[in-house]
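Have a look below at one chain only, the form predicted alone, in structure tokens format.
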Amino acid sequence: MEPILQASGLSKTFKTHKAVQDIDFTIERGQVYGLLGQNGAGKSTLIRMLLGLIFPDCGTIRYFGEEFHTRNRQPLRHVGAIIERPDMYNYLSGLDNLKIFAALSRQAIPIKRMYEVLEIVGLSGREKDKVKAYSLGMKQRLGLAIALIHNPELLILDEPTNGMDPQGISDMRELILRLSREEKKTILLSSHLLHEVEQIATHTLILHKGRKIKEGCVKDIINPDENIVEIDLLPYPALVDDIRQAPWFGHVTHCTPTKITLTIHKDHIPDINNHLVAMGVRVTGINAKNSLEHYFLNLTND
């Protein structure tokens, strides 16, 4: 079966600024593919190329095995997208907005489908309210409903939680997961919120200054044996000497009378804590860090 999306050698320069340089990646069916990078890394430029809003200086884009270019935009008929904050008609209802965008899609979309997508995104009961009365989170949900109206196989979401409060971010995360698991959508998700992407994505592409610096399966990138564990203690002057015989001492990277830092699998943390308590050490806090964000920051030396 052909991959849903293949990009090869994509590059884009604006005057003297190389926004994207020689990017290759492949998205298979069923994946939630996280496109990660700091602001200015090239994420939005890449997504705009994928959607034909701008065209690459060089490189190719293939959807479902079919090449996408200026003379062939047909592959986009199976793609839905949100680009940052979607523009809508604020003085019309959510349902009326859906009707307009359904007409613009040039596909015969029944009213039943419109109510279905409103149900999927959690706007049932609010479909006749004017969009100007919607919260930012509701507007993003309506934007997602618009992207889903023609039942696309691939969703491309550019910073879908941008500007949201923590509850809105959590709600959007759950909605994206539901679209993947229940609606069987393949999703390309762009974000600078690495912690959020870590909870959603199955695969990731990390961009830095326009270049690809890492691509792969999220669970393979985050090695469970490489948790950086920081243990805070009440002062224990003899700590270094007393833990030299501990079975986990070889994993210690830093040690003072008030703090131990070590790199170890998280499953060993309870045993280490029990060992310290048995020694009479007063543990005041344990913090384990093994996240996509931590990996990313180390990778980009930021």
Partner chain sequence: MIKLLYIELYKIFRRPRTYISFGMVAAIALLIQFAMTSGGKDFLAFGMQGISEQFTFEGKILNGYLVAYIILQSLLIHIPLLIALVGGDALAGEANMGTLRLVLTRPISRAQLVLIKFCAGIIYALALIIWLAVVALFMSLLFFGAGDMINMKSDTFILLLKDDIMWRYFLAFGFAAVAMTTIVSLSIFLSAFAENAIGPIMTTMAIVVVLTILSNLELPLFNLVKPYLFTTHMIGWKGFFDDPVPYKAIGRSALVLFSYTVGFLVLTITYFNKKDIKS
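Everything quoted here is computed from the prediction, not taken from an experiment. Residue numbers count along the first chain shown, from 1.
The following text describes the form predicted together with its partner chain, which does not appear among the structures shown.
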The one residue among Val197, Leu188, Ala147, Ile231 placing a heavy atom within 4.5 Å of its partner chain in the predicted bound form is Ala147
Among the candidates Ile243, Leu262, Ile269, Ile54, the residue which, in the predicted bound form, approaches its partner chain to within 4.5 Å (heavy atoms): Ile54
Looking in the predicted bound form, is its partner chain within 4.5 Å of a heavy atom from each of Arg77, Asp96 and Leu104? yes
Is Asp87 near its partner chain? Define near as a heavy atom within 4.5 Å, in the predicted bound form. yes
Asn39, heavy atom within 4.5 angstroms of its partner chain in the predicted bound form: no
Wondering, does Arg48 line up within 4.5 Å of its partner chain in the predicted bound form on heavy atoms? yes
Please check if Cys217 has a heavy atom lying within 4.5 Å of any heavy atom of its partner chain in the predicted bound form. no
Just one stretch in 173-181, 79-87, 206-214, 118-126 has heavy atoms within 4.5 Å of its partner chain in the predicted bound form, so which one is it? 79-87
Where, within 263-279, is there a heavy atom within 4.5 Å of its partner chain in the predicted bound form? Residue list please. none
